[in-house]
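Coming up is one lone chain in C-alpha cells, specifically the form predicted alone.
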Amino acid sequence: MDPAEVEFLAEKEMVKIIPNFSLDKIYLIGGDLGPFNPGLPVEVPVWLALNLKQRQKCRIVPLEWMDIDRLEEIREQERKLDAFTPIPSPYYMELTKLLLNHAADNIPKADEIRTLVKDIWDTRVAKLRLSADSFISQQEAHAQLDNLTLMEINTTRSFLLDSLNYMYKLRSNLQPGRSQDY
C-alpha cells in the first residue's frame, strides 16, 4: 500500500462542516449525508468537506484533537515513553496534511498544529526505526506494533522486509553453486 492509498482511506473519515447552502439528504452508496442547512453543523466525509470548501460552500470545523494543548500533551507523552502512545486518529498525519493544505483558514493556529503534528510524527518514526533495529539485531521472531498507524507502518515496511530477507539469505546454509529464488 502506498501513501496515496492511505490518504484515500483517510478521506473517508468524518468531519463536521457548517454549510452555507440548503440541500435535502443525499443518498450515496457509503451512506446518507445531510440534510444541509445554512449555519447548522453536519458530519460528512473529508473528501466531501474538501470539495465543498474548495467551492466555498462550507466552513470546516477543526477536529477535536486539533488543539494545541492536546497535541503538546501527546508530543510529551510520546517523548517520555518507550512504547507508542495511542493517537487520537488512525489517520492523524494524513488528515492534518489534507485539512491544513486545503482549509487552513478554518483552523485556528494552523502553523502551530502543523509543527506539533510533524514533531509527533518524527518522534514516532524515530522510535519505529529504533525498535526495528533492535528487532533485527536481537533476531526476534515477532514484533508488537500496538498504537501504530497505517502510514507509520507503511514508511518502514520496505526497509524491514528487505532487512529480514537479507538476514535470511545470510543465515541460510546455501551451498556454493546452488541458488534459491526469494
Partner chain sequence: MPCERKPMRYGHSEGHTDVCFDDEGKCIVTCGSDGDVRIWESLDDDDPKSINVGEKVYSAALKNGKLVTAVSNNTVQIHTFPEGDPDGILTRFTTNANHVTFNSSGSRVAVGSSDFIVKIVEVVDSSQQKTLRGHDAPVLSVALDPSDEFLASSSCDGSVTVWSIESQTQVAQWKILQKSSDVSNAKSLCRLAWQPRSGKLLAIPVDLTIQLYDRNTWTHVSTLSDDLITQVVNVVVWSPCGKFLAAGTVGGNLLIWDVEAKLCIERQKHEKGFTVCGMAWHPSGGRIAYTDTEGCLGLLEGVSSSSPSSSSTIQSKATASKETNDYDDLFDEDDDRMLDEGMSDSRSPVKKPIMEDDDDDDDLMPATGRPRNRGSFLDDDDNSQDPGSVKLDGVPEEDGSSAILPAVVPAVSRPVYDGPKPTQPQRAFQPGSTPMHLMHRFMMWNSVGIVRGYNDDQDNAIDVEFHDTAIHHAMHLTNTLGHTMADLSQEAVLLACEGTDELASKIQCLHFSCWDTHKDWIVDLPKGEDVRALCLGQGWAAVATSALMVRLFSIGGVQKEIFSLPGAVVCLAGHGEQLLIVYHRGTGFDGDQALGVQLLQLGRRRRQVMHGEPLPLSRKSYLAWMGFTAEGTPCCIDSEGVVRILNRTLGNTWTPVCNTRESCKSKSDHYWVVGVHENPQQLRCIPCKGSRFPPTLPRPAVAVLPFNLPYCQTTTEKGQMEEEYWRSMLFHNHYGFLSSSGYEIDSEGQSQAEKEQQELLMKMFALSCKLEREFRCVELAEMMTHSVVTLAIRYASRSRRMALAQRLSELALEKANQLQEEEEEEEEEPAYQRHTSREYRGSNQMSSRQAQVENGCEEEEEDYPQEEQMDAEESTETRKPSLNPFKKGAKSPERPSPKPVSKEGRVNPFKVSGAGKSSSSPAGQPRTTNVLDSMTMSSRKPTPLGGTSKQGKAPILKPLAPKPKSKTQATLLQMSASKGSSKKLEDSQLEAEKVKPAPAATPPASMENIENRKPKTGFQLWLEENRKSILADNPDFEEMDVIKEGMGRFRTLTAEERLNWTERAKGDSDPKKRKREDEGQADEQMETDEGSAKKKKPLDTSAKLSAFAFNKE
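Positions refer to the first chain, counted from 1. All figures in this text were calculated on a predicted structure; none of them were measured in a lab.
Another form, the form predicted in complex with its partner chain, is not on view; read the next lines as being about it.
Peer 1: Given that its partner chain is not shown alongside this chain, does residue 28 nevertheless sit within 4.5 Å of it in the predicted complex, heavy atom to heavy atom?
Peer 2: Heavy-atom contact with its partner chain at 4.5 Å: absent for residue 28.
Peer 1: Please run the contact check for residue 127 against its partner chain in the predicted complex: heavy atoms, 4.5 angstroms, yes or no?
Peer 2: So residue 127 does not count as contacting its partner chain.
Peer 1: Looking at the partner-bound form in the predicted complex, is residue 41 within 4.5 Å of its partner chain by any heavy atom?
Peer 2: Because a heavy atom of residue 41 falls inside 4.5 Å of its partner chain in the predicted complex, the answer is yes.
Peer 1: Is residue 37 close enough to touch its partner chain in the predicted complex, meaning at least one heavy atom pair within 4.5 Å?
Peer 2: Result yes; residue 37 sits at the interface with its partner chain in the predicted complex.
Peer 1: Can you tell me which residues in 56-70 come within 4.5 angstroms of its partner chain in the predicted complex, by heavy atoms?
Peer 2: Residue within 4.5 Å: 59 only.
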